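Here's a solo chain for you in structure tokens, the form predicted on its own.
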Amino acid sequence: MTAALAGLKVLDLSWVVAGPLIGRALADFGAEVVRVESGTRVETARLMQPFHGGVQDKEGSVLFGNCNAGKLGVTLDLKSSSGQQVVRDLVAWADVVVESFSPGQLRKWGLDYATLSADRPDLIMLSTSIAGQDGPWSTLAGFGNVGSSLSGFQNLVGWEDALPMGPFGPYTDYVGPRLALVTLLAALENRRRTGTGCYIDVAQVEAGVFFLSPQVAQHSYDGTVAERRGNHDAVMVPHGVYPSAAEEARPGRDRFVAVVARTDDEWSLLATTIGRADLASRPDLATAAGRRDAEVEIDDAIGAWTSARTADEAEQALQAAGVAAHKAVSTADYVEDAQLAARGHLVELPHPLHGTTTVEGPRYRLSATPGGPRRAAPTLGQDNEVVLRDLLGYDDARIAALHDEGALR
């Protein structure tokens, strides 16, 4: 069976999460992806937890492993002229270049799109950065937490009467690649039809703002500034995360269950299920507007019911009644989740140093051309010889010279 992207050649000059996830998705579906990094200026993701065995090791980051599974790895000193020439040769080999250097850095090395595409009008290049390649914020350095702050998410997440908490992790590092991937596939289709390439400039901030479109639209309409609501929702009532009883299997750990009534009928089902038929029959609670005036009373009633049950028990009872509910999963729940297991979401791969490693499967299920990671992420310089000799056709003398010059590090 031919993979969906078989034959596609990708040069991955990105790092951390936002760029590498794009190359990872392409590799999952058959693209040959060469990841370039430095063995001396070690990329940030290699130093980020969690680690195999719980010990920090640049060859043991599970985050790096997840973002780079399926790729070939080569180490280059991009500050050297020899290393830069290898990149130019890789560009000549590739169909697509993905990069996430600070805006302007590739131009200093003569590796920017304007320079590279002069000899390759069919080249597709995608740059991903916090705020894009131009404008007053283009030189802003930072990770996805900065991107989520500029997008507006940091100020929107938290309790109404407390400081903002922000979403967990570098939010825009994970939403940016989704929009970037779709755009990149469109560029590939356009090149198939026209023979011409293009340059794609992805600003993580703008990708994040896309997911706040309703709030931005409302502000444009009437000046409303969106505010923190805790676990409450602007439309649905009740909408919250409620405490549940302790579990013997996980003593000392708080457990919660998320519950929402999306419609008035669901509210009636919810109130009846928690044994509060009196609330279900009250005329003042028949609509979301009425329930909002009694939100504290309703939350207390739901919390009292969930607190007497485990999260699993509460989830199962509410779902059986037709109410949207789910326990707030822990990492232990995640790896044991039956739905994820049925879809093969967690994939175990052989690893040259750790025996095996586990990564996430692809985010997309294709019936005729299913994808998935074919190998673990590369160790530093693991595929130098393969890339230089087999893909670029370098002879032994040239490879030896690169070693002697320190370009392969």
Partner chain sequence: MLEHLRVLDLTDERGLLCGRLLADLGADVVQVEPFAGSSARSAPPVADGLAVSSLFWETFAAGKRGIAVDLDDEADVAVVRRLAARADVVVTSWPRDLVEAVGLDPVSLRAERPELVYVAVSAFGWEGPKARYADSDLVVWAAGGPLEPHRDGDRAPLRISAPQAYLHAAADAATGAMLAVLARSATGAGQVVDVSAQASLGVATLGRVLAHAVGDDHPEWHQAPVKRTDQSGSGAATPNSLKKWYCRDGMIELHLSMGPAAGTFTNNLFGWLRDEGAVEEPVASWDWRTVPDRIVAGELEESELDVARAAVRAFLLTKTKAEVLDAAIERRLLCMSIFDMSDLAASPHLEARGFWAEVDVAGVTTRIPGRIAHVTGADGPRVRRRAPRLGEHQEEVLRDWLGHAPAAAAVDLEGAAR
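Positions refer to the first chain, counted from 1. Because the structure is a prediction, the values reported are computed rather than measured.
What follows is about the form predicted together with the partner chain, which we do not show.
Exactly one of the stretches 85 to 93, 272 to 280, 299 to 307, 169 to 177 approaches the partner chain in the model of the complex with heavy atoms within 4.5 Å, and it is 169 to 177. When contacts are judged by a 4.5 Å heavy atom cut-off, G240 counts as touching the partner chain in the model of the complex.
The shortest heavy atom separation between T369 and the partner chain in the model of the complex is within 4.5 Å.
At the 4.5 Å threshold, heavy atoms of S151 reach the partner chain in the model of the complex. The shortest heavy atom separation between D201 and the partner chain in the model of the complex is within 4.5 Å. Scanning S138, Q105, S81, T263 against the partner chain in the model of the complex with a 4.5 Å heavy atom cut-off leaves one residue, S138.
Interface residue among L116, A288, A294, V146, judged by heavy atoms within 4.5 Å of the partner chain in the model of the complex: V146.
Residues T196, G197, C198, Y199, I200, D201, V202, A203, E206, V209, F210, F211, L212 of 196 to 212 are found to place at least one heavy atom within 4.5 Å of the partner chain in the model of the complex.
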